[in-house]
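Next comes just one chain, in structure tokens: the form predicted on its own.
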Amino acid sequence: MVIENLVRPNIRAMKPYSSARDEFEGEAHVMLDANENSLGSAGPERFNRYPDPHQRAVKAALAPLKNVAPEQIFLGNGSDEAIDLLVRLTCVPGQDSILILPPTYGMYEVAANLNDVAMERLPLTADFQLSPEIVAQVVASKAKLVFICSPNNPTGNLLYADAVEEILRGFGGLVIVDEAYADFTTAPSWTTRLAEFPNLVVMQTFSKAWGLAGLRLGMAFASPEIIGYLNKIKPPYNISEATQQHALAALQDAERFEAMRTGLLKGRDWLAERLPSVGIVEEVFPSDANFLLARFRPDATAVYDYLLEKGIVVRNRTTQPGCAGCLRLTVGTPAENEALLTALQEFES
């Protein structure tokens, strides 16, 4: 596959914005290039200088953790930036399409609509999986991108690896595997297969297991060629200095990360064990994420509204394909999990 052929002609030809930070390597003692405030910052911390546009320090710390090269890493303002840039990179507005597998993460469709790109939808099976028929339809599609969320949101399950591999081998566009919840599963990341598939892009995030949702920092891993194109079209300073500093601190605190991850897995197991005993819970779906999808009877929306009255906010997914009667329940602190379970028990009594 020639990746360049998937890129919009105008993007192949465009000259990206270049700052002095792009053009200068090394240590500078007098920085008078970017019209910054040389006297400092209002407030207690110094953020008067523009951040590194290439996030070199963060990528250098992240690369060995993910077993990739720094030039295989793109950092975005949340994963949503990577999603939007991938659509803009490959899809001509009003002409091209992307393919999604509902129920799935809603921002893929938002990015398509924002960029005037058509949507192809191939719903997953009743158990939220990829069937041979679905795989064949994906491979036959002329879409420029297919988004595969695994573990899937809102269902929580991993999609069959053999089916994903068949798509990678046969689909004519980029295959985006969204692994926002990969830290909550024992399955190997698709980043381990980047060398095999030039059309593979893997997305991950600092928002979930790392506990940094407020920073808005997403990751994309791909070939250096694809990453180079994403860097070409991103805003020049898309990741703030504060975000880069906090991300570096998090990457150096592996013990805290593992403690949080383990705690969330324990909370998931605790809820998964107890929810089926609640009379209004019809089914709890298997999860490889930090949430559970549960089907309620007789009226999930009534349960949702009741929980809101109790000050407990969950996600109503009952309108999503295959998710009739379902609420998505994020794993909380032990006290929050107990409050949720108690409220559900009180609803049925």
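Position 1 is the first residue in the sequence shown; the rest follow in order. For clarity, every value in this text was computed on a predicted model and none was experimentally measured.
Keep in mind the form predicted together with a small molecule is missing from the figure; the text below concerns it.
Contact here is defined as any heavy atom lying within 4.5 Å of the small molecule in the predicted bound form, and by that definition each of 105, 205 and 217 is a contact residue.
Residue contact with the small molecule in the predicted bound form: residue 79 places a heavy atom within 4.5 Å of it.
Among residues of the shown chain, residue 157 is not one whose heavy atoms approach the small molecule to within 4.5 Å in the predicted bound form.
Under a 4.5 angstroms non-hydrogen atom cutoff, the small molecule in the predicted bound form has residue 153 among its neighbouring residues. Contact between residue 180 and the small molecule in the predicted bound form is found at the 4.5 Å heavy atom cutoff.
Checking 149, 264, 111, 73 against the small molecule in the predicted bound form, a heavy atom within 4.5 Å turns up for just one residue: 149. Only one segment in the set 244-252, 166-174, 93-101, 217-225 has residues whose heavy atoms sit within 4.5 Å of the small molecule in the predicted bound form; it is 217-225.
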